[in-house]
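The chain below stands alone and is given in structure tokens; this is the form predicted alone.
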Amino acid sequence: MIPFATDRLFIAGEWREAAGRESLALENPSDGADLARIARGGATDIDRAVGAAREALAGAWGAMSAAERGRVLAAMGRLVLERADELARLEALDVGKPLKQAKADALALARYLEFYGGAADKLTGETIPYQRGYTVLTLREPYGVTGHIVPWNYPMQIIGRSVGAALAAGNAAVLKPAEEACLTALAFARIAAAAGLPPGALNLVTGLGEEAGAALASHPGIDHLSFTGSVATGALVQAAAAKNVAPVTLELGGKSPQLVFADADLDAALPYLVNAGIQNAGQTCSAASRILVQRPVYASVQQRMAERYRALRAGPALADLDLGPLVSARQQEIVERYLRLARDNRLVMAASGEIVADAPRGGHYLRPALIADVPPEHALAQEEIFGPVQVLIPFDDEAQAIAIANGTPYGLVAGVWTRDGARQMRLARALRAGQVFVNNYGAGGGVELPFGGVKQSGHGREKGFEALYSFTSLKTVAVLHG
């Protein structure tokens, strides 16, 4: 049972019906059954939410000092920690991810709130040496009303890194979660209210992307927009915001490589090589979906990864196995289409995992697949599959590895495995990616570490202090005093 009503919108500190009084079904991806119903918000509701945010800036929220904002965020973080098990269960049911992964997401949400709560009063400007008789300084000021369109794969984490940073910087937020997964977003709004966040500082409108999401992206009252999702939708969001000349932070797709050189510590690398590809059933923008391996160790890496793949088990989220289901039948069909293409093109299926025998028939399950000897230009090596599919690609030397790694439209994350210190630095500089991890992958999430992409993976940065800078406008003040 869901411990609260889900078919309401959170606007100006109150739970309200959508203007159209319609609702949408949320599906449990583990069995295909209806999980809950959410309000079908639209343009009228978005307009009300933006208005409530504007009133909050003119009222109690805007009057708070940075230190007071930080205390509210810290209180939110404490409540998240207290309710982490409940939040994890909601996320597991809603998204389909195993409980242990959902629990990690809840703890990450708490950490974001702790970090941004502590950083709220440390966001400073600077003084600039200038001509004699002048004092010149800069101020970092909130944009005003920020819009946040959050995807279904990591709702808690992305709310933390996006909404948390925006609130810390003094903005008032309007949140639109994905229609596939809204439960932890709704729970987050309840936590914010319980922690003392003033009415209107956070507003939440559920609904369809083409209705509520489009209305938020194009609303003239939005001063800054943050979007995480597909390249195609991100382009539409950016175009809509551009009509109002509103800045946009985009975190889009990825086809992230891990480069394994012959001198790598394979024992250390193997868990990262596999786990970074199958976490959340591969439904991760930064998933390591391409494994590039130098030829002298290619056969060994393939064999050892295959052994791990054959031990993987997919099943219901609450069973807490290696993988849960994909989020929807649509997503399952997209991934199956790529697997059919692999078979049609006679690519090498190096290994696959299993779906447990008692997995519900209505769930969207897929056996994780490791495909070897994939040409770098093949669709499976170029396109974001967003499922538990990894491809193995051999390379001969450093120059070829760089060319293959950079040879996709994406540039979100990359991993490098080598003991050669000089090579580590050459690759870190040569790879076109927003994050490069050397002899690790992901750095345990790294709330403090700026995150974002280049090329079609997007622009702007989230996480760390860079997110705070992204949610502020820099003002220069020049005083002539003689």
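Owing to the predicted nature of the structure, the values given are computational and were not obtained by experimental measurement. The first residue of the sequence shown is number 1, and the count goes up from there.
Heads up, the form predicted in complex with nicotinamide-adenine-dinucleotide isn't pictured, but that's what we're talking about next.
- nicotinamide-adenine-dinucleotide in the model of the complex comes within 4.5 Å of no heavy atom belonging to Y143.
- Looking at T233, you'd find a heavy atom of it within 4.5 angstroms of nicotinamide-adenine-dinucleotide in the model of the complex.
- Taking non-hydrogen atoms only, I158 approaches nicotinamide-adenine-dinucleotide to within 4.5 angstroms in the model of the complex.
- Contact annotation for E398: none of its heavy atoms lies within 4.5 Å of nicotinamide-adenine-dinucleotide in the model of the complex.
- Listed stretches are 382-390, 305-313, 164-172, 344-352; the contact stretch with nicotinamide-adenine-dinucleotide in the model of the complex is 382-390, by a heavy atom cutoff of 4.5 Å.
- G254 is the sole member of P325, G254, G147, P257 with a non-hydrogen atom lying within 4.5 angstroms of nicotinamide-adenine-dinucleotide in the model of the complex.
- The contact with nicotinamide-adenine-dinucleotide in the model of the complex, taken as any heavy atom within 4.5 Å, belongs to P151 out of P151, P376, P199, G221.
- Using a 4.5 Å cut-off on any heavy atom, the residues of 172-193 that reach nicotinamide-adenine-dinucleotide in the model of the complex are, in sequence order, K176, P177, A178, E179.
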